[in-house]
Every structure is written in C-alpha cells, then in structure tokens.
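One chain follows as structure tokens, the form predicted on its own.
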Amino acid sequence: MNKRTDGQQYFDTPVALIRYFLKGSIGVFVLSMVFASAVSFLDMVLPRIISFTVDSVIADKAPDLPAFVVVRLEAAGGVELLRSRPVLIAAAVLAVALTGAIFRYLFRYFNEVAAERFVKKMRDSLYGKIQRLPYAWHGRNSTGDIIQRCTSDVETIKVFVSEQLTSLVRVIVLIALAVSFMAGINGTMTAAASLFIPIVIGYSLFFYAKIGNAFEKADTEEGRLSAIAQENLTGIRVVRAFGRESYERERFEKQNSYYTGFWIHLMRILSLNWVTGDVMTGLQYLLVNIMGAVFCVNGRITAGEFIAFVSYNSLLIWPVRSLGRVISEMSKAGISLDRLRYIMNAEEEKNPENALRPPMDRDIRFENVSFSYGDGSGEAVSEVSFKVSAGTTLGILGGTGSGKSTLMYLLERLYPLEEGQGRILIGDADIAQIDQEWLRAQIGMVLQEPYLFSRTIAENIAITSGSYKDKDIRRASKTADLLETVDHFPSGFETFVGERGVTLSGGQKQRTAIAQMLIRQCPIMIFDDSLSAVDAETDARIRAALRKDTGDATVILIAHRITTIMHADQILVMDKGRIRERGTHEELLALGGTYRKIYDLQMAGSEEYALQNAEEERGESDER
C-alpha cells in the first residue's frame, strides 16, 4: 500500500488491499488457523491408533509408535493391558475424536468472528470512501454497479478469505502430515500418491486464467443487471404512468439472459475443473489401493499399515483437491478485489492546505468563470462574471442547458474549477481555499429534483441535525407553505414518506425540501427551480414569505417562471452558458430583449398582465 502525494491511500496490488481490510481481524484469523492445524494433527492420529490396534494389539508386531508413547505405554502395563482391556483403545479414540470436535468448533467459531469483522471493515471502508468521492465520480458510475461491487464482490472476497485462504494453512499442514505419516509406512506408495499433487496444481493453474476472465465478464454483466433493476424500481411511477412495464420487463429479461449466458459459460469451465479433479482423485485412490493390496499380499506392509495408509491417502485427497480449488477461486477473488480497488483508489475530494473558514455573509463574485463537464458537449458556462451583493437577491433566468444550475454547482464546489477556468470568491476568499465542509454547511441549496429519504416529514426537514425543535420545523414549514398541508395529514409531521418521497406530490416534495433548507438558516440560500411543481398562487405565497423570513441572507433564485424572480435585486438572463442580459425587472423590460419576450409569453392572458396593459394604455391616453 502506498500513499499519493496528497496523502490519500493507494493500493497498488490486491494483496495490499486485503492486508488493509484484514486490520482488526487478522489476529482472530490466526487463532482459527491454529485450531485448524490442531484438527489436522488429530485427524492424523486416529489412523495411527487403528494401525497400532490391528498390528500390535490384535497381532504380535512390535509397537511402531513414538518413543515417548512407547515408554508411557510400557509403564502402564504395555500391550497386554490393552489386549485385556480393549475399552481403553475405544476411550483413546473417543478422546481424540472429542478433542478434534472441540478444536473444530473453535476453528469455525473464530473463523466466523474474523470473517464478520473482515466484511464489516470492507463495508465501512467502501461506504466511507464513496462518501468522500467527488460529485463527478458519482455521475460517471451507475448506482447499480456501485451497489453490486459493495455487495456481491464483497461477499466473494469474504468467502475466499474465510473459507479458502484460511483453510490453506490447514491444507498445507494436512498434506505435510499425511505425506510424512505415509512415508513412514511405505516410500514407494507415498511417491505414487504424491505424484498427483503437482498434477492437481498444474490443471488448477490452467483453469485459473479461464475462470478469472469468465468471472470478470459475468460480474460486469451482473452490475449492469443491478443498475437496470435499481433504475426501474426507483422510477416505478414513471414506468407505470407511461405504460412501459412490458418494455422494461423485456429490457430486464434481455440483460438477464445475457448475464445468465456468461454464468453458464463460467459454470462449464468450473464443471470441467471439478470433473478433472474427480478423475484425478479416482485415479489416485485406485492406484493406492491396487499398490497397497499387492504390497500387503507380498508382505511389504502389514494389514494395519495398509488400513492406515488408505486412511491417510483419503485424508490427503481432500487437501490436495482443496489446494486446487483455492487456486481456482483465487481468480474470482482477484477480479472482485480489482473492482473494489477501483473504488478505494479513486481520488477523493480534498481540502487545500490551511483551508479557510471565512465569514460567508459577504459579497459573491464570479470572475471570468468557464467550465466544461468533459463529456464532449462543450462549455456549460463560458466567461461568466457577475457580483451578488451580500443580503440581496439574485434571479437567474434561462432555458434548459443554459448553465444556470452549473453556476450553483460551481459555487458549492461540487465541481472544482481548474487552473485557468476563472475563480469564485465569497468576500475576499477564493472558494477553492475554503474548507469544503464549512462551505457547504453555509450554503443552503434546494435542487431541481429534491430527494427525500424513507423517513417521516419531520425527520426529512431536520435531517441536517438532530437538535432542531418542533418549533423550528413548523417555522420553516410555514415559510415553505407546507404547514397547513402537513397539519391535514392524519399523522402530521410524523407522516412517513416512501422512498424518494414517493407518497408526496411533486409540489409537496419541493416544499419539504425548501423547509429542509430554510431550517438551517444559512447565510447563502439557493433555490434551483425549486418552485416549478407548485401552482402560481402557492408560488406567490412562498415568495412573499421568503422575502420576509430570509433576513440578511443572500438569496439566489433560479427559475423558468419570471414571476418567481421578478422582485429580485438583480436578474441574469442566461443562454448557452453566457450572460445575455442583466439588470432589474424594470430595466430588463425596458431593454426589450429576451427577458421582455419571455415575460410577454408567460404573462399573456393573465389578469395581472391585462391590468398592467390597461394602466399603460390609460397613461398613454392621458398624455395624448
């Protein structure tokens, strides 16, 4: 693991990422491996007891046991004691089996504890990382794919580490002990059995790359399938409203078939891998049994040794197969680790050194600001310069794609300005030098499409802090013209809104989002076309309340409706990323340009417009 020049962690290899995720659980994993090794040793003891019983207790062969065991056995009465009391042998077998069962339980227990700590570390790290990634990164990566990486890929890595990697120690111990015990019985048969170990490793390495490539494709397609499901479930009301259920179902089924095809291809490879292992296992078992039977008949080994050797060979087959499976599964885990490294190595938002926390109730200045999203669509804003005096209201009018919202994203530093793209100042402080948490805490913003969480209305309004009181929630709701509506709900502010506020109307969601911002009482307030879903009468009431209750805050109103911004101290008219007109409502009407044309179109037919025209005509008549 390395660090960038900006101090952020960088994981140059999958192993480095695994080591990072293992912090806090590695000790428990080691403890589980100790018990796994003890289980492996006890598994080797039982065949030795059986061999000793057959050859030395039932027959008359001298005990072939470790010296310290022979000494203690003789001190207790020797083989004759065991012949007269065979229950002692049964007790020894039972004691070994019970001890093995206890150790196996401890291995499983500590392994599961370590696995859950490991996966918790992964989830916490990924979630925390995603929270710190730039707004632009989220725009480039679909939610469904991110969720798939943080669920399916995390589970793949967990299974590999907790079930495959931790078993590797036990496998190695088992292989070493089994080969050692088998060699003590007959070297020729041991060599024949061991011949299959490099063969298993060899074909496992052959399948390693094939499995990895197939799994990567299947994992990618699963991410796309998750993205389709997530988008469809989130936008279910739109799908239903336009009768697109059949289209969306066919779209999902097509991707699901494509995804299933990749998994079937992967299963073919895995099946071939497993079948090859079964064939090798059968051949090994067959060879050992044939050689053992021949050697036993020829007197090269005893019946007890033959039974023990077959038992050791059976114990050897499982770890050899497991070793091959670990190698195969490693390719899948490697792909998942690379997909998580993509997230963990993404460059985070960063604060400048000695970040500032200046007072935010100051003038706002855009100085020759130009910005492009880098998607080939050209500049979203170009050479924009203007000033908003502290405590005043700025209105911004413009069509779709004129750059209105982009200016506010830049003000909140959701997209940072690069060198040569101009600068934005609050007071005398360049926002590039301001602490981003401080900056965003001091700027309240209501987006075009407000997002509400699956909580109560009160919780959504007070979501930025748990310290707000009921009177604060009601005050903000009154200004947002939401109070009377909520009071008519049976549960009032405790009304639970569904995902993304689906149980509320568009206007109610917008007014809830406005209250959510107003409760913070920020020195800078931005309303990004946040009154588009309310009727004209409600719009007028909210505007009047805002003029009264925003106090000394600097207010920026972005709208398509002139009535929303006509009382602003300054109005900008945007078109294709540039400021085409600026001034007060009266100045822009007198200018007779774009603003005047939009005004006439929007006001035509309204009573207010008719009265104004009548007054103008009477004035002209009086002059004549």
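Quick note: we count residues from 1 along the sequence shown, nothing fancier. It should be emphasised that the depicted structure is a prediction, and the values quoted were computed from it without experimental measurement.
This next part talks about the form predicted in complex with a small molecule, which is not shown.
J.: Select from the listed residues 156, 148, 302, 406 the one whose heavy atoms reach within 4.5 Å of the small molecule in the predicted complex.
T.: In short, 406.
J.: Please identify the residue among 259, 160, 181, 415 with any heavy atom within 4.5 Å of the small molecule in the predicted complex.
T.: Contact with the small molecule in the predicted complex is made by 415 alone.
J.: Based on heavy atom distances of at most 4.5 Å to the small molecule in the predicted complex, which listed stretch, 329-337, 83-91, 370-378, 514-522, is the contact stretch?
T.: Among the listed stretches, the partner-contacting one is 370-378.
J.: Any chance residue 506 has a heavy atom within 4.5 Å of the small molecule in the predicted complex?
T.: Close contact is absent here: in the predicted complex, residue 506 is far from the small molecule, nothing within 4.5 Å, heavy atoms only.
J.: Are any of the heavy atoms in residue 460 no more than 4.5 Å from a heavy atom of the small molecule in the predicted complex?
T.: Output for residue 460 is no: heavy atoms all beyond 4.5 Å of the small molecule.
J.: Even though the partner isn't displayed, in the predicted complex is residue 402 close enough to the small molecule, meaning a heavy atom within 4.5 Å?
T.: Although the small molecule is absent here, residue 402 would touch it in the predicted complex, with heavy atoms inside 4.5 Å.
J.: So, in the predicted complex, is residue 448 in contact with the small molecule at a 4.5 angstroms heavy atom limit?
T.: So residue 448 counts as contacting the small molecule.
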